[in-house]
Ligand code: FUB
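Below sits a lone chain in structure tokens, taken as the form predicted on its own.
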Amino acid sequence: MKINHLITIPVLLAALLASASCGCDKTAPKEEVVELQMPGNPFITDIYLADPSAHVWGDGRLYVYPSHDNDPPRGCDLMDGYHVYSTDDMVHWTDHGEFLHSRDVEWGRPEGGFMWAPDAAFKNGKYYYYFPHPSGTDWNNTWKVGIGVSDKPTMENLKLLGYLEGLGDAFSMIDPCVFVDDDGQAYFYYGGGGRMIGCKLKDNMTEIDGPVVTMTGMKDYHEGPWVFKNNGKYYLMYADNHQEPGNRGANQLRYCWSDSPLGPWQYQGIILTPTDCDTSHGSIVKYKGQWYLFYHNCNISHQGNLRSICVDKLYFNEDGTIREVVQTFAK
């Protein structure tokens, strides 16, 4: 027995060393990237849309939740009604129709309108929809963030659940963004007018959990937060206050990163230079191994408040920084 025991020790040591060696040398397999044909920009041309919020859910499709610019516009006052679009190849997009209008919001302003940039999230087997809308005629000081829930990613039969309470000052309570971390914890963000707020959400996705926190570390923040995660790093994209000669607004999309979903954030650079309209608002999502940036321009209307949604590929450098996205147009 002793002889056998002594003989097995070097064998076991050799096996352990070999295993350790393999572990050190082995690199994680790269995720397969499916090369999809791009649709050409703008990729929805029958109605005017802006502020695209893109998500990939468990059914393998990519969904985009934009706001809707009414034609003719009156600034951004008349924006009303939300559609959802989906695709499985980036070229063929399905319009699932309007699923929410200001007339459906019992607590909303009687004049309607002001259904600005929304966002969506999935948790507990449900799809949650978050949208900003004023509750009074004095729209700029009565913003709230409404909540709806559906069993389907198309938001079919959306049930309205009221609005998020406890967010504080109603001024510029616009551009909601919801990020669900790998551990299932959901975070909520909003912000316009140069200020961005973040907080945790409770598991029910309808209440905040703990204090709201003012985000810090951004450079020239204006509005439109979008938070996502890549390789353990948290990224925040947003629109800045950039202007062009003649004081024409021409927002850029900038970004920061952090080791925490609530910051503090460290500024990194510009993702997207100005499009052909005053505003910029976008989202970033990974689909079939490829990262994409969704945004809007005015390439069809050439009017700042009649926007159209676009998408282009997005790439990371080896150090995690993001390359500036090259805008493309339909041929």
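All of these numbers come straight from a predicted model, not from anything done at the bench. In case it trips you up, residue 1 is the first one in the sequence shown, and so on.
The form predicted in complex with beta-L-arabinofuranose (FUB) is left out here; the points below concern that form.
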Just give me the single entry in 127, 255, 187, 116 that has a non-hydrogen atom within 4.5 angstroms of beta-L-arabinofuranose (FUB) in the model of the complex.
116
For beta-L-arabinofuranose (FUB) in the model of the complex, the stretch among 156-164, 170-178, 94-102, 256-264 with residues bearing a heavy atom within 4.5 Å is 170-178
Does any heavy atom of residue 120 come within 4.5 Å of a heavy atom of beta-L-arabinofuranose (FUB) in the model of the complex?
no
Test of understanding: in the model of the complex, would residue 53 fall inside 4.5 Å of beta-L-arabinofuranose (FUB) by heavy atoms?
no
At the 4.5 Å heavy atom threshold, is residue 147 in contact with beta-L-arabinofuranose (FUB) in the model of the complex?
no
Does the 4.5 Å heavy atom contact test between residue 79 and beta-L-arabinofuranose (FUB) in the model of the complex come out positive?
yes
Residues in 264-279 close to beta-L-arabinofuranose (FUB) in the model of the complex, defined by a heavy atom within 4.5 Å, in order
279
